[in-house]
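In the form predicted alone, a lone chain appears below as structure tokens.
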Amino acid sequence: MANASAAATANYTKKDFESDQEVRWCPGCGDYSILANVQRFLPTLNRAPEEFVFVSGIGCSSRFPYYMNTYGFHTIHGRAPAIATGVALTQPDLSTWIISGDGDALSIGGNHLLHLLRRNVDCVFLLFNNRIYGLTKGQYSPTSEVGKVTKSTPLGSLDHPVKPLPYALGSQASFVARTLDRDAKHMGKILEAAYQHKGCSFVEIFQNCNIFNDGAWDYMAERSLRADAQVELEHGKLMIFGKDRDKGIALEGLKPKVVNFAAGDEQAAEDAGVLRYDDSSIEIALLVSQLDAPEFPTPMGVLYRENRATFDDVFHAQLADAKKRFPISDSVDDSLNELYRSGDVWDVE
């Protein structure tokens, strides 16, 4: 770890978090934007680069640790959550970040991600979602839409896609958010919220693969379309959207619907039943996480956050209790003999 007093007075810059490795993604890939935004954000925390660790699995996004001047692991397909759990438990002074793609996280890694979320390991999980397998040259992924024509689905995909946000909420994640690769200001805000959360912060990032799935998110990502195609979620604020701020999301029973009202009139919006967003409500988060185009705008921002014990805290508390209840002998040989003869043992005649 860096010297605490030195770190307290240091003024870190983006350059301090850039490694000496050549960044080798396809020109125009959305990964460049995410990398730059993370490298711009971390210096604002006034922590030394060696106080961070980035863990990745397999995929285009998983080259991320090479480009960070921090500790890092480029691990195996789908298993980044398992490696990161070990890192978080054994090195609690490090800030643990996991980088994964929609294929790595939600196909072979789906089971590992589920347990990371429900355990609430203290880390930040960034899911790069481009709806395609980019590293292996353009096969459909778990998030690809029905009918998607790819090299592995030449007649169109038959699979119903995984929706990352409902998946995370159903896995009992304590923090769930979404942002966009080309919206630097919004991503910075979400990275800050994710970092400040104590527990596992799951962030889906809509990311463009300009080679194998170009324009997958253009319907809501283009700057000229965002006002009408996105609804930003902010705790305590009305779910209003549209260029003229004249549309909102209301509930009809348990079903969301779009309502219209006088432009810019918040009282009219409330009278029309527009929801005032509450990011502590799992019920509202589950409803909103299902909103999708073309019927609804795409929800962006923090969907849900909950304060609950982290796996790290309960693990270390249990470990400390076990050490008190079962003291270890000074001699290694004696300790092993005590361990071998403890618990349920029997003699074989």
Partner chain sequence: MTVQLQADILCADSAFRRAAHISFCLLFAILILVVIYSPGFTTKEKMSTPSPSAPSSSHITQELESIVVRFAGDSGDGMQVTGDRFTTESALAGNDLATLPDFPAEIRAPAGTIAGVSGFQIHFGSTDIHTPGDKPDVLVAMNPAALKANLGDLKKGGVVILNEDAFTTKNLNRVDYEINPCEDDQLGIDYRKYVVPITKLTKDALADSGLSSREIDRCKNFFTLGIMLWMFNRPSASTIFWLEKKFAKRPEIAQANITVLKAGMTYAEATEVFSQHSFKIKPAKLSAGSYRSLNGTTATTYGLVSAARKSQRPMFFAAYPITPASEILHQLSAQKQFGVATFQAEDEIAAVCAAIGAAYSGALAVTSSSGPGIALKLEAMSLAVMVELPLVIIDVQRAGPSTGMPTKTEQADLFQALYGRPGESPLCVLAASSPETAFTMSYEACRIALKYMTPVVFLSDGYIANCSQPWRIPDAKDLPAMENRIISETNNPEGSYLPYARDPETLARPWALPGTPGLAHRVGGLEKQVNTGNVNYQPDNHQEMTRLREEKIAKIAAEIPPTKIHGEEQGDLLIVGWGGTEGTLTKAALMAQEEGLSVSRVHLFHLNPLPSDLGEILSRFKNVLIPEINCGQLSQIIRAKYLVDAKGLNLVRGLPLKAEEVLEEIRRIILPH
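The model shown is predicted, which means the values in this text are computed figures rather than measured ones. Just so we're on the same page, rigid core means the largest C-alpha set that superposes within 1.5 Å between forms. Positions refer to the first chain, counted from 1.
Omitted here: the form predicted in complex with its partner chain. The next part is about that form.
- Shown alone, this chain has one stretch from 204 to 212, 245 to 253, 143 to 151, 72 to 80 that lies within 4.5 Å of its partner chain in the predicted bound form by heavy atoms: 72 to 80.
- Contact with its partner chain in the predicted bound form, defined as a heavy atom within 4.5 Å, is made by none of R47, S224 and F261.
- This chain lacks the partner; the member of L94, V162, L238, A272 within 4.5 angstroms of its partner chain in the predicted bound form by a non-hydrogen atom is L94.
- Among residues of the shown chain, T13 is not one whose heavy atoms approach its partner chain to within 4.5 Å in the predicted bound form.
- Taking the partner from the other structure, its partner chain in the predicted bound form has a heavy atom within 4.5 Å of a heavy atom of F311.
- In the predicted bound form, P166 stays away from its partner chain, with no heavy atom inside 4.5 Å.
- Contact check for V38: every heavy atom lies farther than 4.5 Å from its partner chain in the predicted bound form.
- Interface residues of 79 to 118, taken as those with a heavy atom within 4.5 Å of its partner chain in the predicted bound form (partner not displayed): R79, A82, I83, T85, G86, V87, L89, T90, Q91, L94, N111, H112, H115, in sequence order.
- Superposition on the rigid core between this form and the one not shown places the CA atom of R341 2 Å or more away from its counterpart.
- Shown in the overlay between this form and the one not shown, fitted on the rigid core, is a CA shift at R24 smaller than 2 Å.
- In a rigid-core overlay of the protein, R308 has its C-alpha displaced by under 2 Å between this form and the one not shown.
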